[in-house]
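Consider the single chain below, provided in structure tokens and representing the form predicted alone.
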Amino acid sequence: MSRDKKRQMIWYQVDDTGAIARHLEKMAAKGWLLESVDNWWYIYYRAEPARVKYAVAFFPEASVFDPGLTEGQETYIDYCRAAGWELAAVYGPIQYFHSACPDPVPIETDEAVKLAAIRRTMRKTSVLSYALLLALPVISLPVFWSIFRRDLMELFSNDRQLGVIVLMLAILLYGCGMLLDYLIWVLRSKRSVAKGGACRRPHTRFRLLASIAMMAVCGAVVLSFFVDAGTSGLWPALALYLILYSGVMLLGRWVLRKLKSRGTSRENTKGIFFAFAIGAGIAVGFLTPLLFGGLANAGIIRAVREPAESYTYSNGNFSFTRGIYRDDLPVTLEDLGCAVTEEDHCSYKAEIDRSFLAVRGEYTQAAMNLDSDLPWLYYQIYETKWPWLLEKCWEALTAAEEEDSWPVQPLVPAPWGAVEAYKQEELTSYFLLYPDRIITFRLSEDASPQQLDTIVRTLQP
């Protein structure tokens, strides 16, 4: 924006007409008069500071898809002009008027008519927007429910998944809270108008605080994604995705303005715009995997951690290449007395996930040479300082194993130094619960008592 123009984000809900008017009057006193409004911004132009009165009125028959003012709007605006009000800006059914008179005649004097106009406008604007917003957590609920039931340890130690869950919960609370607040305002206003009074004043401060908190949560989650993507090498792809998404939104705004400037009818504009929105959504969904794949092939991003080296196995009939990792592991096959040679081409892989709730380490050692006789070793260490979370993860872990038709058998925990202990015979897996951690481990062949002792003694607190 130029020095003579100013853009300001809209924080007020449509029905909060008093707060909007007071805000615009303060801006006029600072030398900024309202020029136009869209769904996100107030746009001002510089002028001499002055005492200007503002009022917000509604014409529900109008739409943001209209190419210009409707005949009914023009008539309405003429009546307002006769009462000393000039049109400052209009956005669909919402009209902004200003007056230089110190005490102009109110635009709306019939509170019942005013309430009806606000409710019809709100149904087309804010109520519809919040309903669509609430569709996000509703649609994602089955996905998170399946993750919640499958592996709580992975869920609560993963910042990305926790960030998305926090965001969805924030959207759910915000959308429900704003809709409930509006419903309470409608009920209170109807009672007041029925008794001959005025519409009740909305809870401006609550709405502002809720909107600011929602924006703060969104910003924190996006920032956490960038921090995490920076450590994993995915931040270029995330940045490009946000640019792509923002570009589509800007293109949508341009399409809408272009259609309206050409005088396209409301019905045609609405149909073309929604067709564009659906097509753009499909295009973004199609382009996103291509974008990530292309960046990965070009070496700009790495979707997974690069191995230390690669090994190609071949037996004459087929061959494949696998990555070999050289991470430090708390327990190795060598510690268990296994003879590991270079011909085994053993991989030592450690994956650590951290969040503000928990730390989860997943460790694997296995021979990449399929002709090797070495067993493979896999174990997890899950640590948290939250007893309730540890208990929930333990319950989910043992319940999930039972549901997978792999029954677990209780073991006497004392020899393991654990609070509880279970074994899964079919997979030779062990599950141990300690006051501050959960340990699970699996050896592809039956472990000897000495090997079990080595594993537990090393991994336990």
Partner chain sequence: MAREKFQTLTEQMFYILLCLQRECCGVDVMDQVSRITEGRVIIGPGTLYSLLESFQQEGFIQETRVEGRKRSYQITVKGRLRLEEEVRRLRRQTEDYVNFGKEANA
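Positions refer to the first chain, counted from 1. Being a predicted model, the structure only gives us computed values, none of them experimental.
Omitted here: the form predicted together with its partner chain. The next part is about that form.
- Among 344, 335, 108, 151, the residue placing a heavy atom within 4.5 Å of its partner chain in the predicted complex is 108.
- For the residues 320, 145, 254, 79, the 4.5 Å heavy atom test against its partner chain in the predicted complex is passed only by 79.
- Taking the partner from the other structure, its partner chain in the predicted complex has no heavy atom within 4.5 Å of any heavy atom of residue 328.
- In the predicted complex, its partner chain lies within 4.5 Å of some heavy atom of residue 59.
- Within this chain, residue 103 is remote from the site of its partner chain in the predicted complex, having no heavy atom within 4.5 Å.
- For the chain shown alone, residue 74 is a contact residue for its partner chain in the predicted complex, at least one non-hydrogen atom being within 4.5 angstroms.
- Here the chain stands alone, but in the predicted complex its contact with its partner chain, taken as any heavy atom within 4.5 Å, falls in 82-90 among 161-169, 82-90, 320-328, 178-186.
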